[in-house]
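One chain comes next, on its own, written as structure tokens: the form predicted on its own.
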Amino acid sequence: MPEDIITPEVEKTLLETFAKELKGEVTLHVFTKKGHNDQFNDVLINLVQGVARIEKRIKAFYHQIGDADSARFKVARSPSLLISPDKYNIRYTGAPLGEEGRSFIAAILMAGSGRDFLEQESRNRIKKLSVHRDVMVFVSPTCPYCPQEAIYAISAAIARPDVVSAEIVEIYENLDLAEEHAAMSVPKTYINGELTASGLEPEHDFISSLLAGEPAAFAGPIQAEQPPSEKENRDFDVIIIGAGPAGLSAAVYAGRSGMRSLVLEKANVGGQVSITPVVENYPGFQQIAGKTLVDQMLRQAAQYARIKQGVAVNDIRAEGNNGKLEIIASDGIYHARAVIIGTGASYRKLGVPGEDRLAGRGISYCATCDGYLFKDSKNVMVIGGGNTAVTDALYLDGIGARVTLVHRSKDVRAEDRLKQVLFQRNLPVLWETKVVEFIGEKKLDKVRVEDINGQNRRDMKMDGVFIAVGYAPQSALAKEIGIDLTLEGYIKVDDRMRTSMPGVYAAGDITGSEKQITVAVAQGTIAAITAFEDLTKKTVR
């Protein structure tokens, strides 16, 4: 059994957090069965013992599956963890390790206070729920997007314990359950057994899915009357859309310039960097995990700006002739004197038969999120030849998968350092090869490949595929509001990050610049400084 699952640094943080935030007693019930996931049984017991040792108001109980309590609470999988089961229907099926430790601590705080982590408008909406909802979220320890989706589910179970249950399922420890639900990528959310979301969704959409029992369709912003204090909180000097390196850097410089700032992020803070296993080209760090780098950026930005996750922006328009902009978001309407768009770019698809149908069923675009499922010598294919593809291949090889790289050219485009490591590890590479079809019924079974000249077609049996063939700009908002775009769909900016729409700036990958963290940080900085200078000139005039 591991002795250091809670390090001294983590213990100090938990002590401070529980002392400040925990309001009442919480019971943790651990269920295990010898011979089933023994390694994870021991880890979960160790984790719960450590948390209970730190805080006396956390009471731990340990059960064997097959006893009266497991029958009472209908627990059949080992390990399982129930949180205050006499009050709430919240369970972890599998140990909440890695990234999921965040949602575990959040669940303890919520159960100890009876207070969920939802926005007030979401609380008002969930009061209307009159039918039972079983929410199941599939997660993995390496997925940075999963904890927030899990927190939505747990919050709903806290807010409405009479009709909502939340189950957080670790896919690797429950492979049969993951395969049964075709949940081969994370996070995936099911409500009453029906798939409602693949990936992290905005809070507004989660609540809509919960109320409807089916995937949410955007129907415009919430038109709720805001009390004076809330209305005041929706008026800012600058609103930054996107919390990647560009957006977070803009937040720091906007705040330091004295501007009242808000960052709105519809998914996860950090963007592509948060799912990059290792960053080796950011000044000041010889080597650092992408998630760690993002967390440091976030802590700094949070000192200067308010940051909201799970909020999508759907429109920006001029507010009369007063020089202000109206920002229509999924949680209501905001007002600002300037807007900085840093929405970045998303994964580009191959566009071959079977890709959409098997996405999340063996086909993935995020090795950090979904690679954990294939770590035990499973056969996986990485498609692409740039930095991301080679980084993904090395990461998957490092966790124990059997990796084959497929690339259309004779050489990879990755940096020399990455190429060197790739060749040192002697990973198999199919040069001048393209994928023409993905084959499988309920999940991926084979990948059909051929030479780039259309010869030598063959099928390769694969457990998983990771596609890394570049990015497509997240420019739907810019296109909707009429901002000038390049032929490739990126936002056109001048050398000071101004767009064609007065008061609106852009920074980072969305501008079509080099896909580098340093470039995004620089552009975010310039955008914030330019916005400050432009607003200052307006004020003087």
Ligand code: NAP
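Model, not experiment: these values are computed from the prediction. Start at 1 with the first residue shown and count on from there.
Below, we turn to the form predicted in complex with this ligand, even though it does not appear here.
Visitor: Tell me, out of Arg91, Lys188, His407, His204, which residue has a non-hydrogen atom within 4.5 angstroms of this ligand in the predicted bound form.
Guide: It is His407 that has a heavy atom within 4.5 Å of the partner.
Visitor: Quick one: from Glu180, Glu437, Glu415, Asp376, grab the residue that has a heavy atom within 4.5 Å of this ligand in the predicted bound form.
Guide: When this ligand is considered in the predicted bound form, the option within 4.5 Å is Glu415.
Visitor: Can you tell me which of 158 to 166, 344 to 352, 76 to 84, 122 to 130 lies within 4.5 Å of this ligand in the predicted bound form, counting heavy atoms only?
Guide: It is 344 to 352 that comes within 4.5 Å of the partner.
Visitor: Is Gly398 close enough to this ligand in the predicted bound form to count, meaning some heavy atom within 4.5 Å?
Guide: Outside the cut-off, so no.
Visitor: Can you tell me if Gly384 lies within 4.5 angstroms of this ligand in the predicted bound form, counting non-hydrogen atoms only?
Guide: So Gly384 counts as contacting this ligand.
Visitor: Decide whether Gln516 counts as a contact residue for this ligand in the predicted bound form under a heavy atom distance cut-off of 4.5 Å.
Guide: Output for Gln516 is yes: heavy atoms within 4.5 Å of this ligand.
Visitor: Tell me, yes or no, whether Thr142 is in contact with this ligand in the predicted bound form, where a contact means a heavy atom of each within 4.5 Å.
Guide: No, Thr142 sits far enough from this ligand in the predicted bound form that none of its heavy atoms falls within 4.5 Å.
Visitor: Using a 4.5 Å heavy atom cutoff, which residues in 464 to 478 contact this ligand in the predicted bound form? It's fine if the answer is none.
Guide: Residues within 4.5 Å: Ala468, Val469, Gly470, Tyr471.
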